[in-house]
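Taking the form predicted alone, here's one chain by itself in structure tokens.
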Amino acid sequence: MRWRPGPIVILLGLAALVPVLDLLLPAAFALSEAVRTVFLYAILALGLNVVTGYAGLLNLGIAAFMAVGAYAFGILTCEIYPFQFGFWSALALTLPIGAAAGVILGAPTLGLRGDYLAIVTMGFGEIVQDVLKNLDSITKGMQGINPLPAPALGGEQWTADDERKWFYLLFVLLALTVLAVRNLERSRLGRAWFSIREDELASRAMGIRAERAKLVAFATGAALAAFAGGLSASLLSSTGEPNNYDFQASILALCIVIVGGIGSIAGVLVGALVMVGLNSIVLVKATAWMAAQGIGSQGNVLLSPNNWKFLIFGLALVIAVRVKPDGLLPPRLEGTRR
């Protein structure tokens, strides 16, 4: 039987060619830097997809786990703290730290369902933000933790100017995350998640331990979100301020999952490109092009695409959900029944 590449392989293959495309485009229209943000949000959304898409648990606080990963990475690596871990070991530790945070939230709350669970996770996100702001003796408050180390390979320390190296590092880590989530999806645990999502009562009748499976889903999603947070902190050389991990970031991740297709890995990749790319690529490049052409001015707010960002973003979301209510690439296109 002739092998045909699936949508995941095609999407990742096209993403790998972005630096090559940059060589053909003017410097003002280079895409690599913006696509790195797409990669980070794709990893974050893959974690949310495990919780919401596979296990059917509505989580509105996924950005809080991203913050846990970012600040854990900062505390483990920044020179003002006594730990002094390297990039790779600290990044690896964000996974169990994020999973532990997921267990702490999930263990007492997984008896809740639907809107009640959503409210609890949203409240958790607000609590994490307040703790990070007020525990300034550890988190440095609104200042954030910096500077943070970049990767080092072969004894060579990377810098922020090594854009191509950063691009392919994030690309490889995204591909590994996709592979790990894909294997989970096809595993016995993944089938248990799907069963719980469709009918929890029937799943219990078939002997599935629903609480345990949901707790593992929460821990897995939190671990991937923390992993994305650690990567983001290293890329920026700072954790940034706690407001970077607010409710809006959680909603953006949820929009990625919904627009792409709930429960679909390829859908998450497409959703990240559409939702993050619209903001980080299309509107930014359009603004730069208009400025280069002398169109618009600082005094005319109506002629700057950035000032229409949320309107365009909202319209794109409404149109996508209206035209494709199951998502741009729903699970059935990958062979996963919904």
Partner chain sequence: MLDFEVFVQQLITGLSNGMIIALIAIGYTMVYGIIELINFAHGDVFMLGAFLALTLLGLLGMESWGPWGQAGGVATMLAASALFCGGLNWSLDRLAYRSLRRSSKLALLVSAIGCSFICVNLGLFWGGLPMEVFGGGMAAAAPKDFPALIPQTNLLGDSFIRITPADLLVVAITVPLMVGLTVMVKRTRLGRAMRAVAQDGVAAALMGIPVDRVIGATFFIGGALGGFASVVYALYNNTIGFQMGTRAGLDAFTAAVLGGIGSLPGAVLGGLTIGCVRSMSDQYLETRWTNTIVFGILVLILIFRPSGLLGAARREKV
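Residue numbers count along the first chain shown, from 1. If you superpose the two forms and keep the largest set of C-alpha atoms that fall within 1.5 Å, you have the rigid core. Only a predicted model underlies this, so the values are computations on that prediction, with no experimental measurement involved.
Just so you know, the form predicted together with its partner chain exists too; it's not on screen, but the next bit is about it.
Exercise. Quick one: of Leu174, Ile262, Ile97, Ala90, which gets a non-hydrogen atom within 4.5 angstroms of its partner chain in the model of the complex?
Worked result: Here the answer is residue option Ile262.
Exercise. Since exactly one of Ala150, Leu236, Leu169, Val120 fits, which has a heavy atom within 4.5 Å of its partner chain in the model of the complex?
Worked result: Looking at the other structure, the residue within range turns out to be Val120.
For this session: Within 4.5 Å of its partner chain in the model of the complex, counting heavy atoms only, one of 227-235, 264-272, 104-112, 151-159 shows up; tell me which.
Result: Within 4.5 Å of the partner lies stretch 104-112.
Exercise. Would Glu163 count as touching its partner chain in the model of the complex under a 4.5 Å heavy atom rule?
Worked result: Glu163: no, not in contact with its partner chain in the model of the complex.
Problem set entry | is_contact(Leu254, its partner chain) in the model of the complex, heavy atom dist at most 4.5 Å | Yes, contact at 4.5 Å.
Exercise. Is there a heavy atom of Leu48 lying 4.5 Å or less from a heavy atom of its partner chain in the model of the complex?
Worked result: Outside the cut-off, so no.
For this session: Answer yes if any heavy atom of Leu60 is within 4.5 Å of a heavy atom of its partner chain in the model of the complex; otherwise answer no.
Result: Result yes; Leu60 sits at the interface with its partner chain in the model of the complex.
Exercise. Core aligned, does the CA of Leu317 move at least 2 Å between this form and the one not shown?
Worked result: Moves: yes, 2 Å or greater.
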